[in-house]
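Below you will find one chain, with nothing else, as structure tokens; this is the form predicted alone, and questions on how it binds or moves follow later.
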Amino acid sequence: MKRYFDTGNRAITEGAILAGCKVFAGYPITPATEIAENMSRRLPEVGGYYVQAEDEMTGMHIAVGASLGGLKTMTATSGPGYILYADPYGWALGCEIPIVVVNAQRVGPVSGITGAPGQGEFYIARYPTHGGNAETIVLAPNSVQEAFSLTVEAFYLSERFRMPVTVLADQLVTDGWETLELPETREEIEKMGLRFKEREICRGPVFYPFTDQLDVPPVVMGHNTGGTCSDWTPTDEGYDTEEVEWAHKHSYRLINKVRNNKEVIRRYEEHFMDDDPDVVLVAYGSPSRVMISCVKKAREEGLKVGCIRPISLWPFLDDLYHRKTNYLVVELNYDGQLVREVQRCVPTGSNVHFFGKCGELPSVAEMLLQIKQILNGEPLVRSDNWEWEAW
């Protein structure tokens, strides 16, 4: 095992290389630029290709095209670029094209602050394109090491589900410096629990089957397959159609290949959840690390507090929130996004609270204050006297 002191951007690069990525196409944007820089150096070393595009949308279109050519591909951006991915992301969803998309979230709205962490694309990652009638897969690391392992996992899932998979990181993960361990042997890879799937090729004549099954090889152009690709609704052989019946069948697959196979995707952490805690904290990404420390501190003070960290964000793991209790959802935004899904899932009679910050992590002391206010039935307010639950 090789050990480095490096960034999440380096970790994502090495995860992609290990997973067999052969093409990276994108456009520089803070805080994801170092992924492009690292890929431009590493891909030629493994027989791959780096393509600098003129903008984000073009970058993803190039990556999608390379995947249609039979190669594993990746692109990376931040929020302003991720929203520009909407058109090619729709192509990849509708045509079931495997690709890994990294989003290093930063403060918004719009271009916001380039060097500060945010969590504003939670819902965009679920609905990244127009038209609906599809599910998405989204993974959220909270450390440099996990950025590496979840990038490998994203390639695995993209091939099995033949669809784009988003790694939804944040600036503290991608720019942060931590220990990074990279495996050198098959035994070390297996010990780390990494999963891989090689690229296969659909030979037809059925290219878009009416089924929710996994491991259907993706459509690849050329290679004497006769495969087709269009942004229109396809028949099972891939021809454009205006018949609603085929839209029903195609949408069934795009939705249910994910919904009916959640267990393949499912990832989460729970801490101190065995004694029906009085308050359950919920957070993903960088804030989840502070959350876990806060829960340990609360337990030391005799408070019955637990926490849930969703790692696979979409499809949403509704069943994690089955307890009737108090919930405190912590996010790096002021509008509250993850909290709305928690509200939707909890049993009647539960109380769901929200603590939002932007550009900086909340402290353990701040979280602990919110917990004590909830337990005492007090209104939750920010230290600057904003009523932050007015969302």
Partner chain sequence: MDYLANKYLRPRKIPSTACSGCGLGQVHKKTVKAIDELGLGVEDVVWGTGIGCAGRQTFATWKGDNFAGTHGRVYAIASGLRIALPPDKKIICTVGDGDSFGIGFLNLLHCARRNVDMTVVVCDNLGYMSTGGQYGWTTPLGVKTDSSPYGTYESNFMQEGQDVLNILKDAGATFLARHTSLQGQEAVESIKKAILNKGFSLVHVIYPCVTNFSDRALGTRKPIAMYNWIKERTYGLHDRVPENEMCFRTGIYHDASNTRQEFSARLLEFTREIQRRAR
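Just so we're clear, the structure is a prediction, and the values are computed from it rather than from any experiment. Residue numbers count along the first chain shown, from 1.
Keep in mind that the form predicted together with its partner chain is missing from the display, and what follows is about it.
Only one of 326-334, 349-357, 30-38, 59-67 lies within 4.5 Å of its partner chain in the predicted bound form by heavy atoms, and it is 59-67. Contact with its partner chain in the predicted bound form, defined as a heavy atom within 4.5 Å, is made by none of Asp274, Asp278 and Pro362. Of the listed positions (Phe210, Phe196, Tyr123, Trp232), a single one reaches within 4.5 angstroms of its partner chain by any non-hydrogen atom in the predicted bound form, namely Trp232.
The single contact residue among Gly118, Gly306, Pro128, Gly227, judged by any heavy atom lying within 4.5 Å of its partner chain in the predicted bound form, is Gly227. Met221 belongs to the set of residues with a heavy atom inside 4.5 Å of its partner chain in the predicted bound form. Residue contact with its partner chain in the predicted bound form: Glu300 places no heavy atom within 4.5 Å of it. Although the partner is absent here, Trp177 sits far enough away that none of its heavy atoms falls within 4.5 Å of its partner chain in the predicted bound form. Mapping the unseen interface onto this chain, Leu71 counts among the residues with a heavy atom inside 4.5 Å of its partner chain in the predicted bound form. Residues of 251-290 include none with a non-hydrogen atom no more than 4.5 angstroms from its partner chain in the predicted bound form.
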